[in-house]
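The form predicted on its own is given below as one chain in structure tokens.
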């Protein structure tokens, strides 16, 4: 494990000494800030509408706007999940593909490092950078907590907020595991990013396909859909089946990566 942590530290130092990571941070902050402001404007409009009439006369679909947690933070996590779908492939693409392009992959294969340590080290490094990227979005609930107001005295329900952010992190960890496996298959970073996005996007959209399917296929598609598994968690509801599902996808992706790298070592 000590070797894996050393590899993870090296990966993180590479990320933080290149402009690429800071470009991703900036893009994530700029895009999420723009959409956060839009959510706030929508929240204020609905609040004004409720003051002019009453919540009872408004559609039940708009009752989420009665508080900042459901009206702003929950939809914000949905937006961050969608942005991560585009950001994670660009963070994971270099993990193995760059080693192959720079011809340092062969050196790694001859080094006295176990394959499992190499795979875990690369993954933990990727996990660190995606956590740092997603962590920048916590500034928004913090701002709401500092400047927001509610009749209960607490602007946000932090249990819901943090469970939702946990779902976002779980999604980011899953994206990095899938991206790590695809990065191990090619020496082209752009191809690795494209293939990772191509795998994750349809997987995320399975919920839409399930709506038009009949049972039992519908239940199977809903269980396999990333979006359906994340739905309750981003609303602050902890579901064991979602944890099992994402942990299984991560473990299976790391297993595939291990087998791929091991095959290259003995080729």
Partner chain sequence: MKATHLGQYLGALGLMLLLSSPVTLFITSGSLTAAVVKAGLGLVLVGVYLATNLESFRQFASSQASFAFLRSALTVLVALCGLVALNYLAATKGARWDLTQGRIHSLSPQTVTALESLPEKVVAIGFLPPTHEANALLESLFQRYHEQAPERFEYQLLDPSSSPELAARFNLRAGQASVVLVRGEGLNAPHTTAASVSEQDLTNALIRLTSVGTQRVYFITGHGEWPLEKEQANAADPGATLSELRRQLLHEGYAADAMYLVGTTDIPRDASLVIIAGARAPYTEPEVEVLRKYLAGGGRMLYFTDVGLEDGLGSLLAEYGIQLDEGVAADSQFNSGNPYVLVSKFYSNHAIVKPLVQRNLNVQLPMVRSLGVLREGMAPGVRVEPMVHTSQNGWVETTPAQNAVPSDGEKAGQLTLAAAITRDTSDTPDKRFGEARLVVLGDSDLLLDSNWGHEPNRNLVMNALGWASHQVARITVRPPDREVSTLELDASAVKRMRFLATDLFPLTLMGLGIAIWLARRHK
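Numbering follows the first chain given and starts at 1. All figures in this text were calculated on a predicted structure; none of them were measured in a lab.
Form predicted together with the partner chain: not shown, discussed below.
Proximity of residue 157 to the partner chain in the predicted bound form: non-hydrogen atoms within 4.5 Å are present. Contact between residue 256 and the partner chain in the predicted bound form is found at the 4.5 Å heavy atom cutoff. The partner chain in the predicted bound form comes within 4.5 Å of a heavy atom belonging to residue 29. A residue is said to contact a partner when one of its heavy atoms sits within 4.5 Å of a partner heavy atom; residue 61 meets this definition for the partner chain in the predicted bound form.
Residue in contact with the partner chain in the predicted bound form (any heavy atom within 4.5 Å), chosen from 148, 166, 128, 78: 148. Between the partner chain and the residues 116, 139, 109, 82, the one pair within 4.5 Å by heavy atoms in the predicted bound form involves 139. Shown here without the partner chain, the chain has 244, 245, 248, 252, 255, 256 in 242-258 lying with a heavy atom within 4.5 Å of that partner in the predicted bound form.
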